[in-house]
Structure formats: structure tokens, C-alpha cells
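The chain below stands alone and is given as C-alpha cells, in the form predicted on its own.
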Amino acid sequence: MKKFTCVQDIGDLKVALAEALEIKKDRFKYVELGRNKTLMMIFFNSSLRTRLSTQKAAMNLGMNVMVLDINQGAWKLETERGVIMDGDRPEHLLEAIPVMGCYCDIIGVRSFAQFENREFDYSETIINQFIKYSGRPVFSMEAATRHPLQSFADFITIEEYKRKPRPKVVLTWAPHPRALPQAVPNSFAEWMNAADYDFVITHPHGYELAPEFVGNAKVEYDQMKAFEGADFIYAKNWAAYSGDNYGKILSTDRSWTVGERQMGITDDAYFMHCLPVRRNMIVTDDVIESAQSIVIPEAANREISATVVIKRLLEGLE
């Protein structure tokens, strides 16, 4: 594997799952694979689970790790060509990227949507520049349109907890005080479609995701109807995608907060969320603290998904 930015890059999901479960039984089985190899983790945006789980995954594989926080511990970087650099960004990404590539073997990049220009965001301009100019294998630690390490961990978690071969999985929008990117819901939808679950997306009108991510999912605007008989509930906020509303908050309707009312009509569904979660906005205390909440095992599987991905990138170096 030379890069990892989407579900297509991981290949056969059954093979990837088997590899993940093998690694989960023995996280240090491939510790020699990364000996004398270096991972560089580049963060344009803040992180907790991604930073810790990815660094732990690299350590599981015997790698050295360097972490660079752009705009905090480095020069501010210009990202667009043709710009007269007379502002507060003294270095261009097109020089910085190949320099970074000189110092490492694999690069992980975290760069969120900026909500200034949908075309710029959905072209994945920043991570694609790393892929093009670094000369190294590159993987996404969340990009503008996808968060594949999270979605891979979500898939592993569902496979571990499912009670039927083809569970009903519901992705539900929930209110939030800030405008959040579509990366997690986009990516989750992409992976759920690839897994061929009974997959439903529910949200208020105006929050439709890009069609290429919705895929074969059923879209239901009535949240309660969507929740009926569900086996897994995945709650997440996202800002509007379409037209002039791109990046905007259209609703903060608290009736969409996932509580006992909604969970009561499911088939004793498990509750999932990528974290961090705003309690009593996205989900009530009672639900996230219930026995059916699997947000912690889900977060723990971030180490496993990252280990599989980095292992495959290391194998691609040979």
C-alpha cells in the first residue's frame, strides 16, 4: 500500500478485518517491521485520539516518531499557488513538503476542511500536495472530506459487537454549537456502504451529504422512523454541504439529541460516536453512560486501525 485516504485503499474489508483482529491479539507481532524507520505526524489541526493512537501504533511497529504542529511549533505555511507571500506565512507548503520527506519514511497528515471554499476542501488540496511532492507514503489522520482511520476503527467495532450478519446501522445528525466538517460522516458512510450493512442516514432537511458518500444508503428525514429496529446508532454533527450554505449551521434543534426516547425504539442498539462529544447536545448523559455505549472500545480500536495501516505502508517500502 502506497497511501491511505479512503476505504478503497484498504482493499478487501474481510482481509483487513482479519488482519486487525490478528494485531489486536498481539500488538507487537510486527515490532521489527519498523526498526530504523521514522513516521512524521503533521497536524494542521488539534487532536487527542488520533495523535495518541497513531503514535502508539507506530511504536507497536518499532518506529521512531516525529510530531510537527503546524502554526504552533513551525513556520506558518502558505498552501495556495500564485499567492504573493507578503503576509504572516513565510514558508510555502511546496518547499516544506519535500523537506519533510527528507527526514522520514512515512507521513501522516491531519488537515480539516476550512469552510472557505468548497472546491478547495473537496479537492483535498493539502493532503494531495503531500502525496504528490513528499516522495513518501502518505496516510490521512483526517482530511477535509474523510477520516478513514476513524471509520476503519468504527468498522472493526461494529464487526466485534454485531449480533446478526447484516446489522442495521444508523448515522444520525445531532445538534452542535459550532460548524463541523463533513469528514467523519462522509467517511463513515463510505465504509458502511462498502461493508454492505443495512445503512440509513437521518438528518434534517438541508444537511444532505455529498451524493458520492451517501451512495446506496437510505436517507430518512424522520429520525424516529430511522431509529426503528436499529442495531447501531452513530451520532455526529456536521455543517451544511450544499450550495451557498456550505459550512453553515442551519439548525440547533435539540429534539435531534440522542436520548432514551430515540434509543427506546431501537433493537437494544449500541451507541457510537467518534469523540470528543458534547453531552446533552449530541447525546444525553444517560445514553453515553449506558451499558450500550461502546464509545470507549471504539476509541481503543483507533490504535488497531492505525497499526494495520502503518504496517501495510511499511510493507510497501520493501
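All residue numbers refer to positions in the sequence shown, first residue = 1. Everything numeric here is computed off the predicted structure, so don't read it as measured data.
Here the subject shifts to the form predicted in complex with a small molecule, a form of this protein not shown in this document.
- Taking a 4.5 Å heavy atom cutoff to the small molecule in the predicted complex, the contact residue among L61, C274, L39, I42 is C274.
- Distance criterion of 4.5 Å from any heavy atom to the small molecule in the predicted complex singles out S47 from the list S290, S47, N280, Q55.
- Contact between Q150 and the small molecule in the predicted complex is found at the 4.5 Å heavy atom cutoff.
- The small molecule is not shown here, but in the predicted complex it comes within 4.5 Å of a heavy atom of R110.
- Looking at 166 to 174, 124 to 132, 201 to 209, 142 to 150, the stretch with residues near the small molecule in the predicted complex, meaning non-hydrogen atoms within 4.5 angstroms, turns out to be 142 to 150.
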